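Next up: just one chain, as structure tokens, the form predicted alone.
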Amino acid sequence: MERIPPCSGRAIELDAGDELVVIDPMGQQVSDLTAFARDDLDEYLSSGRSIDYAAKLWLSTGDVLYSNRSRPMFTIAEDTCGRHDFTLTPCSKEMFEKLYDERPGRPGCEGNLATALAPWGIGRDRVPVAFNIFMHVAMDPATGAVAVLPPLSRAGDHVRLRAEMPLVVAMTACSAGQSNNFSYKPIDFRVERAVARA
């Protein structure tokens, strides 16, 4: 088990068949996750493709997360929370300045993902919409208004993602107060290697 400290990020490599388990150890903490194909870093995790092919906004057990080239990147093998977001972009320095009136804004998940991905040459401008694990976003069907609510995750809730191709994966312990009920906490994860399970 590894721990991502509050308001920071990590990146790892996965092989096809590896399983990444992302855990909320204390409850109500979001983890922004993104991924890139290891053999071609121009292929990345796509919110639009994944939502389009699932025909729903909230993805959970059994759903597939697709790349911008419509190839499966992850399958959600297990999900004890059941509510995540795949619509909002990672929090950023500018978002903290505009929405939280911070001067200057913190790097946020966008900056933390970019820092974690720097060894692979992936910068801030290439960080896409993340799969926001445990994030609770409500939408008014009549007006389209969006509200970020406290996560529904409880201590120990987890998501198990099976890699469907070799990947570079980055994830955070989210820095945005609205996303974690203004209580900044860590995120835990572990990797279960396909070779070890064989």
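Everything numeric here is computed off the predicted structure, so don't read it as measured data. Sequential numbering from 1, following the sequence displayed.
Below, we turn to the form predicted in complex with another copy of the chain, even though it does not appear here.
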**Request:** Report whether the minimum heavy atom distance between Asp101 and another copy of the chain in the predicted bound form is within 4.5 Å.
**Result:** no
**Message:** When the contact criterion is heavy atoms within 4.5 Å, does Arg154 count as touching another copy of the chain in the predicted bound form?
**Reply:** no
**Prompt:** So, in the predicted bound form, is Arg162 in contact with another copy of the chain at a 4.5 angstroms heavy atom limit?
**Reply:** no
**Prompt:** Is the gap between Met95 and another copy of the chain in the predicted bound form 4.5 Å or less for some heavy atom pair?
**Reply:** yes
**All of Ala77, His158 and Ser183 within 4.5 Å of another copy of the chain in the predicted bound form, heavy atom check** = no
**Message:** Do any residues of 127-141 have a non-hydrogen atom within 4.5 angstroms of another copy of the chain in the predicted bound form? If so, which ones, in sequence order?
**Reply:** Val127, Pro128, Val129, Met139, Asp140, Pro141
